[in-house]
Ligand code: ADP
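Next comes just one chain, in structure tokens: the form predicted on its own.
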């Protein structure tokens, strides 16, 4: 490309690279030498654009770990070295060429260049009941842009995969090598580019840059609430693209009808196609996410470890991925086996001890025993009689879900049973709750007695 420069051709890149090296050294003083060598030393500056530095890491695991643990410190140290505020855009080097054949540094990646986010694909998006409609709609858009799913509006809470689906659409279209101009951007980027165009008198060029695309994807559209001028511009661009048969995709944290800070005519257009929500994934889907992402990093986690993480971490998938990154770091750097004990240790360190208002496991066990006219010893004991097994499994389920008990501790409470037996009981009740009305009634009554939320 004619607009690309190597480090040698742009002296400013040399200054930025040296500043990054010094920033790494400064941050490295606060961490163990092994972590410094594994995570920070391999970072490389690949380009810059204004106040943004494009930095790469050797693999997705390292990139995620640095983002979660040290990105803020690196940005602060780098800004101090350069004497100006800078932002680090950190991505993985997924297919790194040999050192003597490195590609030139691209200082200003064109908006259609999606190599940095190539990891977002439909293949590594775990599909479950909570996201199937959004996933299928996104695939339909990628296979047939401008078809019946136009516009596509995906909404849900943060960290559930909305951005993943937007980039998966863009990446599939790009991989198909269709002659289409694709633009994927955040609503904040849209606002910044629009304001810059207004101030510089280049609003026509700005509009042409959007009107020329075949597929336009905008993330976090709720950012435009109360921004009247930008909303007006979006409205007219929407109409132009839609009437031209171009594909429109938007994501948001709420459905269009709840965007009170937007005019009705814009909201009606946003909901004129397929509106698909993404709900928090169920435990099985979260466990599958854990297993898949660990395998991508070359670590095969035992099924009980995946399920323990899935059951212990809140519904936000990003939080789940962050906890998994911590677990993999312990396995890689601390040379520890991935075990239930390690999961419990990490969960407690991250979330703290259970809140005092939670019922104690002993209270749950005693109340469950009383409800089924059993003694405390019977429900905890070794007997496998039919009249004891179901109440025991219900007690296990409630203790795990509402008292935050670890699998190991539950095994100790119920006659020193093996954790696999305890997990089996938990899984059985969770599955039967979807199809057994009598069981659901008993569990809800116990929850009411124990003042647990449904």
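Residue numbers count along the first chain shown, from 1. Remember, predicted model here, so these are calculated numbers, not experimental data.
Below, we turn to the form predicted together with the ligand, even though it does not appear here.
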Stretch in contact in the predicted complex with the ligand, which is absent here, among 290 to 298, 239 to 247, 74 to 82, 141 to 149 (heavy atoms within 4.5 Å): 290 to 298
Every residue of 46, 56 and 88 near the ligand in the predicted complex, heavy atom within 4.5 Å: no
4.5 angstroms heavy atom contact with the ligand in the predicted complex for residue 163: yes
Interface membership of residue 318, the ligand in the predicted complex, 4.5 Å heavy atom rule: yes
Touches the ligand in the predicted complex: residue 280 (any heavy atom, 4.5 Å): no
Proximity of residue 196 to the ligand in the predicted complex, heavy atoms at 4.5 Å: no
The ligand: the contacting residue among 351, 120, 206, 372 in the predicted complex [heavy atom, 4.5 Å]: 120
Sole residue of 157, 227, 174, 330 within 4.5 Å of the ligand in the predicted complex, by heavy atom: 157
The ligand in the predicted complex - contacting residues of 129 to 153, heavy atom within 4.5 Å: 131
